[in-house]
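Take a look at this one chain, the form predicted alone, written out in structure tokens.
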Amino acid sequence: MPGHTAWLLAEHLSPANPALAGARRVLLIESATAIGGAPHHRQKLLMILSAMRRTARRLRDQGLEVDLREAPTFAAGVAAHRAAHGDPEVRLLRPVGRRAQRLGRLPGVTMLDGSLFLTPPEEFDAWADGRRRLVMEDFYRRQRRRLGVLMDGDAPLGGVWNLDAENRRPPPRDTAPPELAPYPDDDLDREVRRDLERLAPDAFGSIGPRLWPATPQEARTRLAGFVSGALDAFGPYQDAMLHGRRLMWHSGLAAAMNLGLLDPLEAVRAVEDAHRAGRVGLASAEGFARQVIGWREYVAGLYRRWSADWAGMNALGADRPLPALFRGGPTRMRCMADAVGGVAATGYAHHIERLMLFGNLMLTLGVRPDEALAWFTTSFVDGHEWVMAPNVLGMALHADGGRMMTKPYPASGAYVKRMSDHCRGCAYDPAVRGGPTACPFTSLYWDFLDRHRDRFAANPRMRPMLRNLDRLPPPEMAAARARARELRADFTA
């Protein structure tokens, strides 16, 4: 018998991948369809291909035979590998979502149950089955108990499960966040950049030095730098935005976790250790743990359970095309110009920029969910569909009609002014609702509430917004409505 081959997808590069157990050889496929089938950000492709090639090098150094091959499709790559190596069994760890069924049907492929997530599918299902409504906070508390994270016996450390109320401060005036530093250029990264000109001619965004970890060691080094240099400020300022600052105090580790280069629990334990040693506050440690063992795992579980349902969601009847500004078109909105420019340069924006700038504008304009999802999935270094479908369709756009979240997240320009310095020197005034100087976020916010008033009238979480809507003087509402109609017809603000 030829011995089995472990097939590693880009998101399965972890040394703990169970397909590697007892493998005679390893297969990694650079699929032309996956790389160039849709335009992706160059930093995303640079990170992924660099990580795959560095993984191949690491496994060869460990004595394994590695077949790293280009192929037009995954199917063609598997077929060519099996033909070259005596038709071995090819073992593949089951990916999240719809690809599992398609890849599992390939000749010679055996799909392995298991997961690189902290929550096995059966564990998530045991929690979710039979519940009338799935609530992330309930799941998160179960995760804390199950994994023993930030616990004092059976109680949460500090006596409180969730310190989110302490994590919403506007940006400080006297403290600058760390800069996002590129990795030193080497021959492998330069080789990948050259190959991308051929493999992905339609890719977009910066192709400068690589900004994101491509090995487990690089990911651990970035984790250590985050814990020592940014974590303590991450908690209070995780929702803050500053002009020209990309990473703020966030870790920038999601992409490394999504490729299997960093064990999520290892990251959480490092953060917990820093808190227990007195180096960081509990609100920062808890906020990071909530994002990783809570939200990240929750989103993956929802995507797996509902993967057949995400396509075609459009509960609010959104019908506008994606504005050109998201692809670098001109805009006088200072916040959007900065954030979209940051994505073009780095393939990154933190969660508040994603939700309260990009998602907020798409929601209130009524951008078609399929176009929004495609932009998010291709533009970000962590842009896997399992990440983006729930976050974009379920949270940002409310396209699922409230299945995932009880309310949408529209916001006026006042939110941007409170949580950032973007409004200084902007062409628009967040306090003005109508006319050419009105902040588009403000006009669109009131118009969104007005257009969807009947849908949200019975939603208790939306009632305060609707009461404020009812208090608007009719002339101001008419001005906001007129300005929003202009923006929705042809967004050139």
Ligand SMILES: Cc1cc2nc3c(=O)[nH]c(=O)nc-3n(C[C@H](O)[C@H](O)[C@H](O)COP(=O)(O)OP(=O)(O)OC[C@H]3O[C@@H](n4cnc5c(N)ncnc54)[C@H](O)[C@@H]3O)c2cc1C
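Note that residue numbering begins at 1 and tracks the sequence as displayed. Only a predicted model underlies this, so the values are computations on that prediction, with no experimental measurement involved.
The following text describes the form predicted together with the named molecule, which does not appear among the structures shown.
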Any non-hydrogen atom of residue 205 within 4.5 angstroms of the named molecule in the predicted complex: no
Answer for residue 95 alone: is it within 4.5 Å of the named molecule in the predicted complex, judged on heavy atom distances? no
Contact label in the predicted complex: residue 354 to the named molecule, heavy atom within 4.5 Å: yes
Can you check whether residue 382 is within 4.5 Å of the named molecule in the predicted complex, heavy atom basis? yes
Quick check for you: of 81-89, 137-145, 182-190, 382-390, which stretch puts a non-hydrogen atom within 4.5 Å of the named molecule in the predicted complex? 382-390
Decide if the three candidate residues 23, 62 and 216 all line the named molecule in the predicted complex, where lining means a heavy atom within 4.5 Å. no
The one residue among 314, 307, 291, 73 placing a heavy atom within 4.5 Å of the named molecule in the predicted complex is 291
Just to confirm, with a 4.5 Å cut-off on non-hydrogen atoms, which of 200, 227, 257, 365 contacts the named molecule in the predicted complex? 257
Listed by sequence position, which residues of 344-378 have a non-hydrogen atom within 4.5 angstroms of the named molecule in the predicted complex? 348, 349, 350, 351, 354, 355, 376
